[in-house]
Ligand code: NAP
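This document starts with one chain, in the form predicted alone, laid out as structure tokens.
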């Protein structure tokens, strides 16, 4: 039951009505026995500053940030973690020491299913060079991935993407390529990551990589699509038909949410975040 003592958490975005984070986070909060509630807030880009002032006034503990505000919110934060600075985007915000503090748990969410000590001799190819690709690059760098290639369609954007990491404290090393170079890269690829929206929602019948191209991947390769609806995406269907290992974005969504919840509740409880409950709740909603 919501009372005057209930603490507020949430997610801001535009649109945000489709977000599955409230169901996932509220299920976890209930299991933890905490008097918190997690709500979706639709916030227009022009209203970010006003929203933060309102959140501060009513005592919001923290919130997630989704499209299109992950970069736009940065100027309004008092502090950022080094990971958030390197990625250039924030998806988790916490109010502390009289100001808003931002981090990026997408990085932790991305690498959670890839816990393997042998990434140093492996090659990753990232499809796309937008905000999601930045979290993937940071995550692969943390894993110590030996070689990182980023593939895009616009040379100017690719060059800017690569140059933006030069001053990063993470020590990122990557090579940018135009899309036509993809067939040359695939035969040496151990991890193929799709960060583009191709294959999501109305584009569910499309794939960023053809079956013929996937056939050139080593048989031990992993194809990781950050999209989690539809399940599986056309890309992952084709990869499975080739006998390749696959991952979709559900675990990344769960793990980034769990990392955020741990930050928000660490001052009030020592209970671990129930990741299993979050995963089961998410999968139940996706199957509806």
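Numbering follows the first chain given and starts at 1. Remember, predicted model here, so these are calculated numbers, not experimental data.
If you look for the form predicted together with the ligand, you will not find it shown, but the lines that follow are about it.
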Exercise. Can you pick the stretch from 170-178, 126-134, 213-221, 82-90 whose heavy atoms fall within 4.5 Å of the ligand in the model of the complex?
Worked result: 126-134
For this session: Evaluate residue 60 for contact with the ligand in the model of the complex, applying a 4.5 angstroms cut-off between non-hydrogen atoms, and reply yes or no.
Result: no
Exercise. Looking at the partner-bound form in the model of the complex, is residue 195 within 4.5 Å of the ligand by any heavy atom?
Worked result: yes
Problem set entry | the ligand contact at residue 253 in the model of the complex, heavy atom, 4.5 Å | yes
Exercise. So in the model of the complex, does any heavy atom of residue 200 sit within 4.5 Å of the ligand?
Worked result: yes
For this session: Have a look at 65, 258, 29, 227 for me and say which one sits with a heavy atom within 4.5 Å of the ligand in the model of the complex.
Result: 227
Exercise. Between the options 116, 163, 154, 184, which residue brings a heavy atom to within 4.5 Å of the ligand in the model of the complex?
Worked result: 154
Exercise. So which bits of 26-56 sit within 4.5 Å of the ligand in the model of the complex, heavy atoms only?
Worked result: none
